[in-house]
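Let's start with one chain on its own, the form predicted on its own, as C-alpha cells.
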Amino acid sequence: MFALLLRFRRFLIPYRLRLAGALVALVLSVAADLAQPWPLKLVIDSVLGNHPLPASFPGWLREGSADARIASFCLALLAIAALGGLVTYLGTYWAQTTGQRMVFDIREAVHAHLHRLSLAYHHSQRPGDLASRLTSDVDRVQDVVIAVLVNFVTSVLTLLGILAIMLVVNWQFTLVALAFSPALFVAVYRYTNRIKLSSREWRRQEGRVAAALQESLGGIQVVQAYTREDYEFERFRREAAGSLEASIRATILQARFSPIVDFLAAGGTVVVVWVGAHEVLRGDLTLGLLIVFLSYVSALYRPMKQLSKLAYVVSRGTAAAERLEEVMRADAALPERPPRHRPRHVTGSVRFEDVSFTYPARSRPALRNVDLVAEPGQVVALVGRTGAGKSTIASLIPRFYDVSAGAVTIDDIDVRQWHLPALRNAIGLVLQDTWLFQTTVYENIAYGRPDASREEVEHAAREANVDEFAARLPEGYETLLGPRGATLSGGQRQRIAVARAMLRSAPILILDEPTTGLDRDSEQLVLDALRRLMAERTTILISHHDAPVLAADEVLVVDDGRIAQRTTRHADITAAPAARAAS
C-alpha cells in the first residue's frame, strides 16, 4: 500500500497542505468517535447506579439532580456527535478530493507520456489495452489512494486509540479482549498475497478484453463486410470469459476472507461478555465500564474488518499501478543529441546516406544501403511493389524511427541532432489512410496549425478543393464529422488532408499513396490540390499510380529494401511502370 503511494509521491506533493488538513480532521474525527461511549457510561454508573462522579467534574454536576446530570450527559453526547460529524465531513472531503485530483494528474501524465512514446512502442502494444490502463487502471489507483487517505488512516488511528484507552483503564481486561487478535492478523497475512496475485491476473485479462473490443469495433466495416460477426462474438466471449474467471477467483478469496474476520470478531466479543459479566457480578467492574469495553471491542474489530477488506482494494490497485508503471518506465521518446538543432529557416534538402534499417524485434532488414537526394523544390517519387520499403524510407524523414546504420539529413544536419518538434514542424504529411478526428471540418484542417486565422484555414480549404463539398454540408466548415471522417467519401477525406498540409506550409512534403482507392473524378480533384501543394516544396511521393509519378523530377524504384533503379521524367519515364511490374 505504502509502496504504491511512494511510486506516485510526486503527484501527492502538490497537495501536501490539503493532505495535512485532512489528516488533522480525521484525527479529530477518531477522537470524537472514541469519546462517544463515555457519556453513556456516566449515565449508567452515576445516574442509574450508585457510583459518584470523579472529583474532576464540577461541583454543580456532581451534586446536581439526576435530571440535570442526564441532560448534561445527553448534551455532551450531542456535542461530541456534532463535532465528530463536522470533522469527519471535512476530513473525508479533503482526502477524497485530494485523491481524485491526484489521480486526474496521473491520468494526464500517462496520457501525455503515451503521446511522447515512439511508434515502435505503440506498434508493439494493443491500443485497447493502453486505453484500459488509462481508464480502468487509473480508477483502481484512485480507489487505493482514497482508501489509504480515509479508511486506512481512520482505522489505524481508531485501533491505536482504543488500545491506548483500554490499557489505561484496565490492562488485564484489555488482554482478554485481544485474545482473538493474533488469529485475525494471521488470516489477514495469508489472504492478502493470494488476493493480490489473483487481482493482478484479473487486470491483465481486463486489458485483453478492452483490446479485443477496440479492435473489433475499430474494424467494424471489415467485420460486417466479411460477415465475421460470429467469429468476433466468439473471440470476445473467450477473452471476457477469461476475465470473468479471474474476477471470480479474486471475489471468492475476498468472500472467504470477510466471514473469517466476522467469526473472529464475534469470538472476541463473546470473550469480553463472558469475562466482563462475571467481573460486574463480583463487583470488580462497573456496568458502565463494561458497556464502554463492549463498545470499544466492537469498534476494535470493525477497523480490523475494514483493514482486511482493504486488502482486496489495495491488491487490485497495486496490480493496476504496476501496469501504469510499465507505461511510465518506457522511454519517452527517441534520444536527442545536444545541442538540439532548431533552425529559424528550413530550405528542405533531404539526404539518405547509406541508410540501413531494421524494425524492432525483427531480424530481417527493411532497408539496406539506401542513398537518396531530394533538393529543395524537387519531387522524388518512390515506386515498387508492396512491402519493398517505400513507406519505411518516408517514415525515417520525420524520425518516427532511428536508422540502424548511415544517416538521414535535412539541410545537411542529421535528423538525430534536430529538436524533434522543430524537425516534424518542417514536414507535412498526406497519407493513404487519412485520419480525421471526430470534430468539425474546420478543426480537422487546422489540426496541424491551431493558431491559424480563419481566413488562412478557408484559403487552404479552397486551394485543396475542400470548399467544393464543404458548402453542401449541413453546417459548412462547422459540420461535425463521424469517427475517422466516416461520413465523407475517400476523396473528400483526402482533400481535407491536403488542406491540412497546405495550412502547415512545411518546406518538406511526404505523400504516401495519396490517390489510392479514389475514383477518376475524385483523383483528379486531389491531384489538382496536390499540384498546388507540391509547388516549391521538397516532395517525397509514394505511389502505384502513373498520374502522380508524372510530376516527379526523379523516380526511384525500390525493391527488397534497396534502390533498384533510378530514372527521370526526361529519360523514358515509361520505364518506371515497367520496372514496377518487374519487381
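Not measured: the values here are computed from a predicted model. One-based numbering along the sequence shown.
One more form of this protein exists, namely the form predicted in complex with a small molecule; it is left out here, but the text below deals with it.
> With the small molecule left out here, work out from 91-99, 449-457, 285-293, 360-368 which stretch has heavy atoms within 4.5 Å of it in the predicted bound form.
That would be stretch 360-368.
> Please state whether every one of the three residues T386, G389 and H544 places a non-hydrogen atom within 4.5 angstroms of the small molecule in the predicted bound form.
Yes, each of T386, G389 and H544 comes within 4.5 Å of the small molecule in the predicted bound form.
> Out of F180, F469, F236, Y401, which one falls within 4.5 Å of the small molecule in the predicted bound form, going by heavy atoms?
Residue within 4.5 Å of the partner: Y401.
> Here the chain is shown alone; which of R337, R116, R484, H123 has a heavy atom within 4.5 Å of the small molecule in the predicted bound form?
Here the answer is residue option H123.
> Would S247 sit within 4.5 Å of the small molecule in the predicted bound form, counting heavy atoms only?
Residue-level check for S247: no, no contact with the small molecule.
> Tell me, yes or no, whether T174 is in contact with the small molecule in the predicted bound form, where a contact means a heavy atom of each within 4.5 Å.
No - in the predicted bound form, heavy atoms of T174 and the small molecule never come within 4.5 Å of each other.
> Q205 versus the small molecule, in the predicted bound form: is there a non-hydrogen atom within 4.5 Å?
It does not: once the small molecule is placed as it appears in the predicted bound form, Q205 has no heavy atom within 4.5 Å of it.
> Although the small molecule is absent from this view, report whether Q432 comes within 4.5 Å of it in the predicted bound form, heavy atoms only.
Taking the distances in the predicted bound form, the answer for Q432 is yes, it comes within 4.5 Å of the small molecule.
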